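The chain below stands alone and is given in structure tokens; this is the form predicted on its own.
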Amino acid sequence: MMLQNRVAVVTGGGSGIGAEICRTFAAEGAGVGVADIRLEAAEEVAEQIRRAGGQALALACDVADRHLVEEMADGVERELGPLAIWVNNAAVSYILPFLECTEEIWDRTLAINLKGMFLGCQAAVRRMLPRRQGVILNMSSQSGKVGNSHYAAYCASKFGVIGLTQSLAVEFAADGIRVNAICPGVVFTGMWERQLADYARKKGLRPEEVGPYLESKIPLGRLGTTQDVARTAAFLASDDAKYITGQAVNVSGGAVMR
């Protein structure tokens, strides 16, 4: 098992990519703190892990609230043990024209997608420094590599995630802490389903045409899956990736190659 006897936190772990990362980490031997703003969603994923014979703890957490992030981290260490892996995955996304992006939408996107990463990284580093080892994975996006219309707030936040990742990778490499970003392409999670109609309007498509349209832009010819991203996360969290830090790894079927 790649992550045997390690303890991980995954924010946004109650659904989509985060939930798949939680299940994959547990299958690889990690104890997992499933953190989500919706406690009932986190508990459902934690129960799936426990039924499969793994170890998991569900926790409620708003990643934009420093107190709640620190409280969540303390709870995981108290119940599962010292933190070895921290995955900052919680995010929001809106597809709308730039001039329709309100200050409230901008602030909410940056608070969760970027400030939440900052707070999570601080909580993780504080707990990893005394042991001089640890892995932090920050979920960026292919939209953190290439800008796109109607995604101003989201792109800004995800570009920022990569800059934060690189800065921390340099600062804490000598302390045994590796920091990498993951940049998924399109994965049809609940988040994508909720904004499907907005994307269709942007492109002048019917909602049912969006999937085939997106697949036509991907060299490997299919959309990504939550498993594609989760397996990448498990590799980067493991000792097999012990010489990898400061990277923003594309998981996009070749749609982005930079």
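On a predicted model such as this, the values are computed, not experimentally measured, just so you know. A residue's number is simply how far along the shown sequence it sits, counting from 1.
The same protein has a further form, the form predicted together with a small molecule, not shown here; the description that follows concerns it.
The contact residue chosen from 179, 112, 123, 153 relative to the small molecule in the predicted complex is 112, the criterion being a non-hydrogen atom within 4.5 angstroms. Put simply, of 76, 139, 119, 128 only one has a heavy atom within 4.5 Å of the small molecule in the predicted complex, and it is 139.
Contact with the small molecule in the predicted complex, defined as any heavy atom within 4.5 Å, is confined among 97-105, 128-136, 169-177, 182-190 to 182-190. Residue contact with the small molecule in the predicted complex: residue 162 places no heavy atom within 4.5 Å of it. Taking non-hydrogen atoms only, residue 15 approaches the small molecule to within 4.5 angstroms in the predicted complex. A residue is said to contact a partner when one of its heavy atoms sits within 4.5 Å of a partner heavy atom; residue 38 meets this definition for the small molecule in the predicted complex.
Contact check for residue 92: a heavy atom falls within 4.5 Å of the small molecule in the predicted complex.
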